[in-house]
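A single chain, nothing else alongside it, follows as C-alpha cells in the form predicted on its own.
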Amino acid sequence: MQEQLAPGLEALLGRNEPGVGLTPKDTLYSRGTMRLYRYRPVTDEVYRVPIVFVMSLVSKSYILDLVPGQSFVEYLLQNGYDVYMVDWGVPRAEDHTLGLDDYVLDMLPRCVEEIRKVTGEEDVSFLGYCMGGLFSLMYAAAFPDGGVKNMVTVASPVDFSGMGLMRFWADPRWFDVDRVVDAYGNIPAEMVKASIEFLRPLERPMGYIRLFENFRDKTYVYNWRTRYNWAMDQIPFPGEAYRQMTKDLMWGNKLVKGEMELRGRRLDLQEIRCSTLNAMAEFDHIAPYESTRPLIAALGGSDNTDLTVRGGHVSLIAGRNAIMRLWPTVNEWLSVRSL
C-alpha cells in the first residue's frame, strides 16, 4: 500500500522534483536578465529558416522545454529545426522602468540581429506563447521588413475587449494602475499568481482532487507535478510594461484598433504580411478565445491559419493535448515555409 501511494505523497511533499529545461543550449546574447539561447541541433540537416521562441514576461520559459519527452523545444530539434529562445528572465528591482518599447523595439531586434550573425539568414520564424505572441505581433508590425517570414502565436490575446473577468477587474473605475505601479515598482509574483487564480478560484482545489483520484498512477502524478510546479512558479511583472499593458491594451484596446504606438511608431497589424498560424484554446481562461480569435482578420497577409484546440492555456502548449495536436500541426505548417 505504501509503495502504491508513494507517487502521490511525493508530489504533495515536493520530493524528487522532475528536472526541467534540460535540453542542451548555449547563450548567444544577454542584456540584463534577458538571455538569447541557441539549442544544440540533433540532426545533420536543419531547415533554412531558424525558429525563435518568444516567451511571456511573467512566466518561466521552461514550459517550452519541460522534461525529456514532453519538451516542445526537443520536439522541434528532432524534426530538423534550428531553435532559439528569447527568455526575459526574472526582473530585478531596477527593471521596473522597462516598458514595452524596450522589449519590442530594442531587445527583440537585437536578438534577431544576433541570430542573423550566426546563421547568415535574413529570415526568422517567431513562435510566441501568450504575451510572447503579443510581443511577436508588435515586432512584426513595428518592423514590416524586419525579417519575420513566419509567425506562430499560441494563446496570445489581441482583442482585449474579450478578456472577460481580467478586463472587468482592471476597469479604471476601481483599479488605479498608477498607484499600484508607483507603490510596488515591479508587480509582485504573488499578485500575478493571485490575479490568475481568481479567474478560476476552484482550479487549484480541483487539481488536488484529480491528483488524489490518481494517487497511484505514477505517470499521471509525474505529469501533474511538472505542469503544476510551472504554474506556481510565477515571476514579477516589470512595472512600466504593466502600466502600458493596462492603459494601452486592457483599457484602450489600441493594438487591434490600429492606435498602438511605441516611441511614436504606430503598430498597424495590417502591415503584418508574413505567414501566420494562430493557435487558440477553446477553454482558455487567461487568454480567452474571444480575445485570440480576432487576430487573423486583423492581419494584412493572405497566408493565415487558425487552429482551435479543445483545452486550456497550459494544455495547449504542454502535455498530451499539445503533443498530439499543437506540436505536429506547427511542424507540418512550418516545414513547408522554412525552406
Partner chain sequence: MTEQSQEQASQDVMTLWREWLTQTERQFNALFNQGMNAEPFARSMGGVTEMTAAYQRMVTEGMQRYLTFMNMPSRQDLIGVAETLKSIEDRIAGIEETLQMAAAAVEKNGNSAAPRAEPARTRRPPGYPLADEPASVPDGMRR
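Treat the numbers as computed from the prediction; the structure is a model and nothing was measured. Positions refer to the first chain, counted from 1.
Keep in mind the form predicted together with its partner chain is missing from the figure; the text below concerns it.
Its partner chain in the predicted bound form comes within 4.5 Å of a heavy atom belonging to P201.
Using a 4.5 angstroms limit between non-hydrogen atoms, M232 is distant from its partner chain in the predicted bound form.
In the predicted bound form, at least one heavy atom of T97 sits within 4.5 Å of its partner chain. Although the partner is absent here, R38 sits close enough that one of its heavy atoms falls within 4.5 Å of its partner chain in the predicted bound form. The putative spot formed by F143, Y222 and Q270 is not touched by its partner chain in the predicted bound form; no residue has a non-hydrogen atom within 4.5 angstroms of it. The stretch that touches its partner chain in the predicted bound form, counting heavy atoms within 4.5 Å, is 89-97, out of 89-97, 223-231, 153-161, 246-254.
Within 4.5 angstroms of its partner chain in the predicted bound form, the stretch 167-187 places a non-hydrogen atom from each of F168, W169, R173, W174, F175, D176, R179, V180, D182, A183, Y184, taken in sequence order.
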